[in-house]
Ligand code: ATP
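Only one chain is included here, represented as structure tokens and corresponding to the form predicted alone.
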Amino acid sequence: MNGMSDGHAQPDPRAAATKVVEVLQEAGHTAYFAGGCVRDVLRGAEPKDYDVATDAPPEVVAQLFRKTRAVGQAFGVMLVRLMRCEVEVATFRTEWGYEDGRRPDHVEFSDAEHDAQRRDFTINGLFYDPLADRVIDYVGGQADLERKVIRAIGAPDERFGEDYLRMLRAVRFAARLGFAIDDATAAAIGRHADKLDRISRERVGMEVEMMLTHRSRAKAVGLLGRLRLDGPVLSEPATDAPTPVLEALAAEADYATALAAWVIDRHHPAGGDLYMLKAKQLADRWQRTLVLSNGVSDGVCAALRELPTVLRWGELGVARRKRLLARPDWARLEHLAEAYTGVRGGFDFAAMQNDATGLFEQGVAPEPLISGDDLVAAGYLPGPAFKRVLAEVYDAQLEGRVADRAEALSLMRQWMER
């Protein structure tokens, strides 16, 4: 279809994928929507994207569409650019020989039924013909959608042996969709859980991030514990202990906040002192095992380190409170404090919020009235005292004890002459 134009309409992924199916079928090929998009449509949800599966080999796909790009040539996967959208088009295939528990050693192009059989779970093994408005189900996926069950296609041990990461995908799908994991599938996860260490830590970390950045995060972590996957995931002893702080966390809390809450649930027993939590060591260890970015790891560490200070809000002076509120991660600390105190009690979170609102109205991070240049101009030699004196003068500014530059300079001299 070399003459087709992308046009200028608003991008419509479903329309683009339907056009791909139409072009392939008109050329004499079988072509359907495949996988997760079919699952979501049948559930009444809007898919993020639409994938197409076909019996046309990659070179034919490249001939039929003007803008294509091979993204997985060994697996017959092409990206088709059409109507300002990118549609993934994969040739039906079978796979076998998974020596590394991740990638197939052999791939062979096949038909729709065999392609469905090599997929992970029945709800992901469905096809849909948008032109005929017909679902093609070789694996019982429609029945499992109605039953709200995650079930491996065929023999669960074989499916997980092909890619052990599927065990984490089962947990993620079950949590997000609110489905149960089929008994035979769950039992197979238990038999293979210790083999998760054969999967790259980066891939494991990506699955964990997808779990913990979704509102179903607590259910996902609970399933990890019950299936004994939490140990291999974190390189720690497995536990099915409850996760009350994680459960109480606001839905909009970010990944670092969720990790910090999970740390507290796993490593801080009720009645223990938060100061005893080894924030840096735990954050470093989880950074390695989950391949966290430095930003996320630092965020976890800072949240765990500063939470005890937030929980002493009533004992803090105005300057210390304003410094906390001015932190770029204050929202994270606030989310964590709300969840922690909602579970553990002993803290008036609403009173802290009211006080914080008033302090924000006053301004929590005004421009400092003086700087190190003022100390040098006053004849003082740079040294360790500079930082301490500037901090003291800024605290006085935050608390309203100095109102202008002249008062700040006067206080600066007093501190330097002590």
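Counting begins at 1, following the sequence as shown. Note that the structure is predicted; figures quoted are calculated from it, not measured.
Although it is not shown, the form predicted in complex with the named molecule is what the next lines describe.
Using a 4.5 Å cutoff between non-hydrogen atoms, Arg201 does not count as a contact of the named molecule in the predicted bound form.
Contact between Gly36 and the named molecule in the predicted bound form is found at the 4.5 Å heavy atom cutoff.
The named molecule in the predicted bound form comes within 4.5 Å of a heavy atom belonging to Arg118. Put simply, Asp40 is close to the named molecule in the predicted bound form: some heavy atom of it is within 4.5 Å. This chain is displayed alone, yet in the predicted bound form one of Arg327, Arg285, Arg228, Arg176 has a heavy atom within 4.5 Å of the named molecule; that residue is Arg176.
With the partner omitted here, the residue from Arg215, His267, Lys280, Arg169 that has a non-hydrogen atom within 4.5 angstroms of the named molecule in the predicted bound form is Arg169. Between 389-397, 57-65, 40-48, 372-380, the stretch whose residues reach within 4.5 angstroms of the named molecule in the predicted bound form through a non-hydrogen atom is 40-48. Residues in 386-418 all lack a heavy atom within 4.5 Å of the named molecule in the predicted bound form.
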